[in-house]
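Just the one chain here, laid out as structure tokens, in the form predicted alone.
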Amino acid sequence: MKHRLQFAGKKLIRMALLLLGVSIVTFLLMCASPLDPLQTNVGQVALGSMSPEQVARLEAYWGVDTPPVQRYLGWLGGVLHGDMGTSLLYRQPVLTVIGQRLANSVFLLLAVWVFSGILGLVLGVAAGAFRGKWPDRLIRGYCLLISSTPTFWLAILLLLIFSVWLGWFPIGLSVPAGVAADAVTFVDRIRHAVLPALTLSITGVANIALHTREKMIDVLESDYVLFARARGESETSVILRHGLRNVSLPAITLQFASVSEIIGGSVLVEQVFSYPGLGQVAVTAGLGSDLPLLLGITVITSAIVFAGNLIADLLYGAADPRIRRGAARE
């Protein structure tokens, strides 16, 4: 138990340093951006018709007249006190904006994460078990095709087929347009999330399936599997008792590592489907030079990805008894 706590403590320290580095890089990239916040959000024509005092107030609001180091240190000081600042575009606290959009994205991302993980594991195990046969060739062909397919292109294709041509699902948004919030049902939310979730699931399966296949082949070619077959164990027993147990660790790693890919893919998918989630508001913040909001989104999503990797490390002991015994001896 002591070893586990020390391990988690070291990971949390690394997480804090990582988030600090991510925030610095994000801030520097925003400062180096060629976009002028005033021209982007106000317009050149409107700026030309304003008085110098009005322009000065706008520069103060967008932080253009503040030195970059002072702006970053001011933001960092607020974060240390639990305040990520106020969104310049939405005129609301950053945590409030992120909380509202994250509530829409959580259901979508969680569904994608579970479905792509389970389907990727099943396809990878099946491909490894039928190595060289037609199921293996079919699964590998599918994975290679999907891996080379841009996410946004697949999203547009599904949108055209299932929304425009067939009319089975809504074209966009997360809830029906023009419906009061208290009148939106759970079924409505599911129908609006099906196509974005399907797009991210289809693209997320390939990486997990291909890696699981390679690990499964290594396991089935090992000496202990050869011994199990010599004892008369059936192929099904070999796959379930030896194959799944030994691919569980890499499967856990891939599953939690896919969190970053899913979040990154959601940025494009939410744009295509006009899904008001965290990915869409991140694009809006970036194009609108909303520095506090973009910094908040970057830090929170990085924390989610790091937390996923930490959970994967802690679950290794549950998947492999040898890790538990090694931790207990220490």
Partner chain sequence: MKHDRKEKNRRKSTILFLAAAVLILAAVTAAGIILEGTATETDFSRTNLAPGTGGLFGTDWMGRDMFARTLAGLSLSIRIGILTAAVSAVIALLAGTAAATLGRRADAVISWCIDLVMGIPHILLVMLISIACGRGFAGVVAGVALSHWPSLARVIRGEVIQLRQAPYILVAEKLGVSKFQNVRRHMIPHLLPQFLTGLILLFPHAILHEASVTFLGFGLSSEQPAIGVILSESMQYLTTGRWWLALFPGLALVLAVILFAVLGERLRQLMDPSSVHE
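This is a predicted model, so every value here is computed, not measured. Residue numbers count along the first chain shown, from 1.
The same protein also has a form predicted together with the partner chain, omitted here; what follows describes it.
- For the residues G99, P150, G167, G74, the 4.5 Å heavy atom test against the partner chain in the model of the complex is passed only by P150.
- Annotation: in the model of the complex, residues L144, L159 and L268 each come within 4.5 Å of the partner chain through at least one heavy atom.
- Looking at V55, you'd find every heavy atom of it more than 4.5 angstroms from the partner chain in the model of the complex.
- Residue contact check for P67: none of its heavy atoms lie within 4.5 Å of the partner chain in the model of the complex.
- G21 belongs to the set of residues with a heavy atom inside 4.5 Å of the partner chain in the model of the complex.
- A residue is said to contact a partner when one of its heavy atoms sits within 4.5 Å of a partner heavy atom; S201 fails this definition for the partner chain in the model of the complex, lying far away.
- Although the partner chain is not shown here, in the model of the complex the stretch 13-30 places heavy atoms of R14, L17, L18, G21, V22, V25, T26, L29, M30 within 4.5 Å of it, in sequence order.
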